[in-house]
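Before any questions on how it binds or moves, here is one chain, the form predicted on its own, in structure tokens.
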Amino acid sequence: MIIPKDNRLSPEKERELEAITGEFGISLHRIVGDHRTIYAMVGDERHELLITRLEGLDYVERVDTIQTPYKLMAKDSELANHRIRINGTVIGAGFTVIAGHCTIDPKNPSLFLESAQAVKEAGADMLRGGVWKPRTSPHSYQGDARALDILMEAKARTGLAVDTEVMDTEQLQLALDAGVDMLQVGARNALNYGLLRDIGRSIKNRPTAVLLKRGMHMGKLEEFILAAEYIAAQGNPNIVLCPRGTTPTMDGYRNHPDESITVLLKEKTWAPVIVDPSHSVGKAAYVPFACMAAAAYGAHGLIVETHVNPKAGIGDDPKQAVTPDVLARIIRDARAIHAMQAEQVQELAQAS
């Protein structure tokens, strides 16, 4: 990773860097952070001659060689101080809550609009709404692009930033053209490297963020973080990691709850962690407990399926969506636990 002395380099200097690294078979990716632009070298950057030549340039402060497979997402990378800002909310600075329908019903737009206002009043920071839905059966409801207009109307009415899942490049472009703030990559696409690259390239020069869910069958955390690396390597580091339960399932739950990996992720990467308790446990009555556990493990936030009338919902809402009054209590209690957890971490750090 090349760290320049100045916040921004001229096009001429960037071309010189590309020429030098290209001689060693290394591609260069520009990553625009909060305070400066850095240049990630993709390839084997351990050539002694390469490092010597780069460090000899008067505009290069230093060259960092990071030994983990994930060069950009590593906790000790130059991006460690990067902050993801969405509509005034800084993900990772406090406790961020995203809430709303699993699936927007285009036949009943007023239902989503009512839920959107209700989750705002409950204290949520962002609004989620599923426009397109991955389904095991091709005969099940797959979503409808008309729901995107409803999502954006809710954004205009509430002032909340919005999150929705995309599964292919066509949906990606529609979401970006509409002004979606956060693109969600679901568990089924967590290892779809082509889609991850496409998303990274498409948001390279945008403030758009990505909520990357953990794949259902992912074992090692390295696999999860490397999936995020695919996006970051294209130039946009606005990536949030989202544990959402894995398989095989635990009896009584929809998946195997995995909010406990939050502490492990925080040891390995700087990326904020927002937990999805709704898909993890799969039953509305259990969701508040999973939320409290996520906060206790140090998560930076939650994404909670919420509906003013869950029985009238489509998709997963009837089973796992909580009502806005329950969401309000979750937000109150989870933020209190998060504050306590942050104090304990600070005290331990001072003691050591």
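These figures come from a predicted structure and were not determined experimentally. Numbers for residues come from their place in the sequence shown, where the first is 1.
Below: the form predicted together with phosphoenolpyruvate (PEP), not depicted.
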Heavy atom distance at most 4.5 Å to phosphoenolpyruvate (PEP) in the model of the complex, all of 18, 40 and 71: no
Any non-hydrogen atom of residue 316 within 4.5 angstroms of phosphoenolpyruvate (PEP) in the model of the complex: yes
Any non-hydrogen atom of residue 186 within 4.5 angstroms of phosphoenolpyruvate (PEP) in the model of the complex: yes
Proximity of residue 133 to phosphoenolpyruvate (PEP) in the model of the complex, heavy atoms at 4.5 Å: yes
Touches phosphoenolpyruvate (PEP) in the model of the complex: residue 102 (any heavy atom, 4.5 Å): yes
In the model of the complex, the residue from 165, 181, 198, 78 that sits within 4.5 Å of phosphoenolpyruvate (PEP) by heavy atoms: 165
Contact segment among 186-194, 227-235, 263-271, 172-180, judged by heavy atoms lying within 4.5 Å of phosphoenolpyruvate (PEP) in the model of the complex: 186-194
Interface residues of 253-286 toward phosphoenolpyruvate (PEP), as seen in the model of the complex [heavy atoms, 4.5 Å]: 276, 279
